[in-house]
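Shown below, as structure tokens, is a lone chain in the form predicted on its own; questions about how it binds or moves come after it.
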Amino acid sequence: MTRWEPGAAERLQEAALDLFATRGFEQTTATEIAQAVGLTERTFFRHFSDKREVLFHGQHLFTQAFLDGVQAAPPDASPMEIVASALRSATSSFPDERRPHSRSRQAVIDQNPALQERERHKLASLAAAIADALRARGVDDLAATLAAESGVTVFKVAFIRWLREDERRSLTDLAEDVLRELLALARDPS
């Protein structure tokens, strides 16, 4: 094993992503991930409860970015204006330099039904947290639920577009475009 170096969790995440992409998620063990960066399996489990968590580590930061946006919205903002603020806050934490990593991560998730389910659970938990934050601001239950679910859907659609190889716009710009389209559809009388 090599001498201690800082950034073990990040190095483990990068190694795991590389191994998942080349060998497959199911075929890669926590021991192999740790060994790829000169660490022990024990060190791996100090940072992650299992190998799935390598892909989902930091969810609390992801959720907090949305909640920070809810808090930053003006007191008189409508539920959808609050959601727009949450989307701006969260998408700003996805700089373009992160796009290749996000593409690789999503490719691994797309190949594994259990990881897809974990991703859906993450987004459902996010919608619940946003709805709770909206209710705490005085938004009624139905409006809070609809706005939060809509916001998560907007994020998901924008994120998928952001991952496309030919896409150059920022995730923030894409989320604004998707939200604008959703609002236009909701106003359409037909």
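Not measured: the values here are computed from a predicted model. We number the residues from 1 along the sequence you see.
The same protein has a further form, the form predicted in complex with another copy of the chain, not shown here; the description that follows concerns it.
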>> Within 4.5 angstroms, counting heavy atoms, which one of the listed stretches 66-74, 135-143, 42-50, 28-36 is next to another copy of the chain in the model of the complex?
In response: 135-143
> Does any heavy atom of E81 come within 4.5 Å of a heavy atom of another copy of the chain in the model of the complex?
Replying inline: yes
> Counting only non-hydrogen atoms and a 4.5 angstroms cut-off, does D110 reach another copy of the chain in the model of the complex?
Replying inline: no
> How about D96: is it within 4.5 Å of another copy of the chain in the model of the complex, going by heavy atoms?
Replying inline: no
>> Can you tell me if A124 lies within 4.5 angstroms of another copy of the chain in the model of the complex, counting non-hydrogen atoms only?
In response: yes
> Quick one: in the model of the complex, does every one of H60, L87 and R105 get a heavy atom within 4.5 Å of another copy of the chain?
Replying inline: no
> Going through 152-173 from first to last, which residues have a non-hydrogen atom within 4.5 Å of another copy of the chain in the model of the complex?
Replying inline: T153, K156, V157, R161, R164
